[in-house]
Every structure is written in C-alpha cells, then in structure tokens.
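In the form predicted alone, a lone chain appears below as structure tokens.
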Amino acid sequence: MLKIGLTGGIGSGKTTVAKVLEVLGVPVYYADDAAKELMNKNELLKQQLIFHFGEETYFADGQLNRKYLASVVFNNKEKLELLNSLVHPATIAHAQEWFSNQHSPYVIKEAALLFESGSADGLDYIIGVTAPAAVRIKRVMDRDHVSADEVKKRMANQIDETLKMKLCDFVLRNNEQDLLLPQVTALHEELIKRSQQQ
C-alpha cells in the first residue's frame, strides 16, 4: 500500500482533490480535522494546551475554544510554533495508527503543513495542489468570511507556494483555467498502477 501526502497552501483546493479521491474509493486521512478532534479528546494534549495557553483554551464543557486559541497564536510566531510542536506529534502518531488499519492500493494523508510539521517523512509520494495567490485569497475570503489581510496573515505561516510545489512529486493545477477533475483521475490511475508495481 502506498502512503501519499496531499498538500497545498490555504485556498489551493487540496480538500476538493481529497473529496474527489474519496469518491474514487481512496481512503483519506484529514490531518487538520484529526488535530481538532485530538485537541478535544486526547487528555494529555488537552493538559499540555491548558498548561501553555491557559484555562481559557477550553470552554466549561471541555470543548476547545478555537477562537481564543487562534487569537493567541496567529499573531505570535513563537506561540504558533509551540502549539504546532504539541499538536503535530500527536496527529502524526494518530495517522500512523490509521494507516495500519487501511487495506487499499493507496491512501491519502491530506495536510496543509505536510512539510512544516515533519508529516512528509515516511510517505511514498506527495501531491501538491496549486493556485494563484489572488484566487486562493478570494476563495478563503468567501469560505471563511474573513478579510484579505486575515488570509494573507495565514498564508505567511505556510512555506512559500513555489518552494512547496518543488518538493512535491506530482502537482495539480487548480487555477480555474485547467480542468481539475481530469488531472485528478489521471493521477489516480497512475497511483493505482504504481501501487501494483510495489
């Protein structure tokens, strides 16, 4: 079984690609969703977050106060790095466990910070999804109802898109000119073929 990473900058369309692959029968691990779940359910991680970021990190019912945590880390590089240093290892371990329960020619791990978090280690191939910055900014503004400045701040916390794509084995262009679906289906067929050659 091939382990494939799927990444791209915010608003690039990596989740859209992941959903298409799921329709084609490929199991997908969504690292960001898993991280959010772990921050709500993993007791050790919860204690670490409270210790470093304060009691306000969780509501009285024990659920993560995402708005508070975001306000603390997104304007403070050191605090964001600290948060990532706590959450990423837990998510990587959780993904490894998930991988071991899959029985498919290949599986996908979708993660925005695949390279930044060290999650790329141990994967067979990495797919990058790219789109022009202006397109990405508009998509995120529409999706999250935030300002262009807010999107640019988030983008600044990710490695440069051009560099990220150079680190990938395959690149899908989601630029509203090239059709995305034929690119995804062609890549799916290629990955099935490669999994049979293992």
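What you see is a predicted model, and the numbers here were worked out from it, not measured in a lab. Heads up: residue numbers just count along the shown sequence, starting at 1.
Form predicted together with adenosine-5'-triphosphate (ATP): not shown, discussed below.
- T185 falls outside the set of residues with a heavy atom inside 4.5 Å of adenosine-5'-triphosphate (ATP) in the predicted complex.
- Within 4.5 Å of any heavy atom of adenosine-5'-triphosphate (ATP) in the predicted complex lies no heavy atom of L21.
- Among residues of the shown chain, R66 is not one whose heavy atoms approach adenosine-5'-triphosphate (ATP) to within 4.5 Å in the predicted complex.
- Heavy atoms of R143 reach within 4.5 Å of adenosine-5'-triphosphate (ATP) in the predicted complex, making it an interface residue.
- The candidate site formed by K3, S104 and Q198 is entirely out of contact with adenosine-5'-triphosphate (ATP) in the predicted complex, as no residue has a non-hydrogen atom within 4.5 angstroms of it.
- For the stretch 11-42, the set of residues having any non-hydrogen atom within 4.5 angstroms of adenosine-5'-triphosphate (ATP) in the predicted complex comprises G11, S12, G13, K14, T15, T16, in sequence order.
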